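Have a look below at one chain only, the form predicted alone, in structure tokens format.
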């Protein structure tokens, strides 16, 4: 009888540990913040047309300031202008300057704002398509800062018709880990 009590106690303890790991794993999933992403969205380039390239941001929290460089093929695109963006209805006032014939630097600082959170458009950059070929649009030197003057980690990508969408690991990885733990516990219970 004492042997059955020990076995029952071992099973209960093992079950409790497995259940606790399961709860911890699932409790951590909602707490993970979504990654801030900045993407360049460019329409198809047709010689003689004007194109509007947008710099879009998703899942930002407490954004206060930032900068980026946008380089382009100056034999295909003629820079025209940079227009202010908007995130969740708040205007993003921009300053810009040409670094060289193929690079424009854009900076912003949201003075008097307690930080913007959400998704929207940082800027719109206007080009005239003056030649044939690729525009070679590329964001570099990207930096975002929050209201406490800390850097906001962001995934700076490029989105155009020819680009492949990046996939990131997420809930699937956590679910696979939890499933593996559950299978381990079931096998362990079956052997006892």
Partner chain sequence: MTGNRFLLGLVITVILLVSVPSASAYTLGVFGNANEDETVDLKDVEYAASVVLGLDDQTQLADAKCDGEIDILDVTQIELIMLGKEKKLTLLDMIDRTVTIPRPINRVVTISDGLVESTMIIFGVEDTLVGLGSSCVQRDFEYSYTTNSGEEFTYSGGKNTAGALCPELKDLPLVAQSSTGINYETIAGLDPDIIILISGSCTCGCSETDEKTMKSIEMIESLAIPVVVLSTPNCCDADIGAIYESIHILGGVFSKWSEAENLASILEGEVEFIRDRTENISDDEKPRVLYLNLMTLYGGGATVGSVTGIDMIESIFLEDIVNAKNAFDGIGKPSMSSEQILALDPDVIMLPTCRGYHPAREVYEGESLTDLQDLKVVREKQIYSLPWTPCRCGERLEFPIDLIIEAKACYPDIFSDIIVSDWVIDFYMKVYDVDEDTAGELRSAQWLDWMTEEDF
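All figures in this text were calculated on a predicted structure; none of them were measured in a lab. Residue numbers count along the first chain shown, from 1.
Omitted here: the form predicted in complex with the partner chain. The next part is about that form.
Next item on the list: Verify the contact flag for residue 89: yes if a non-hydrogen atom of it lies within 4.5 Å of a non-hydrogen atom of the partner chain in the model of the complex, no if not.
Entry: Although the partner chain is absent here, residue 89 would stay clear of it in the model of the complex, with no heavy atoms inside 4.5 Å.
Notebook entry, point to check: Taking heavy atoms and a 4.5 Å cut-off, does residue 79 contact the partner chain in the model of the complex?
Noted result: Contact check for residue 79: no, nothing within 4.5 Å of the partner chain in the model of the complex.
Margin query: When the contact criterion is heavy atoms within 4.5 Å, does residue 101 count as touching the partner chain in the model of the complex?
Written below: Contact with the partner chain, no.
Checklist line | is_contact(residue 73, the partner chain) in the model of the complex, heavy atom dist at most 4.5 Å | finding: Residue 73: no contact with the partner chain in the model of the complex.
Next item on the list: Would you mind picking out the stretch of 119-127, 132-140, 57-65, 38-46 that comes within 4.5 angstroms of the partner chain in the model of the complex, counting non-hydrogen atoms?
Entry: Heavy-atom contact with the partner occurs in 57-65.
Checklist line | Residues in 117-151 close to the partner chain in the model of the complex, defined by a heavy atom within 4.5 Å, in order | finding: Read in sequence order, the residues that approach the partner chain (within 4.5 Å, in the model of the complex) are 143, 144, 145, 146, 147, 148, 149, 150, 151.
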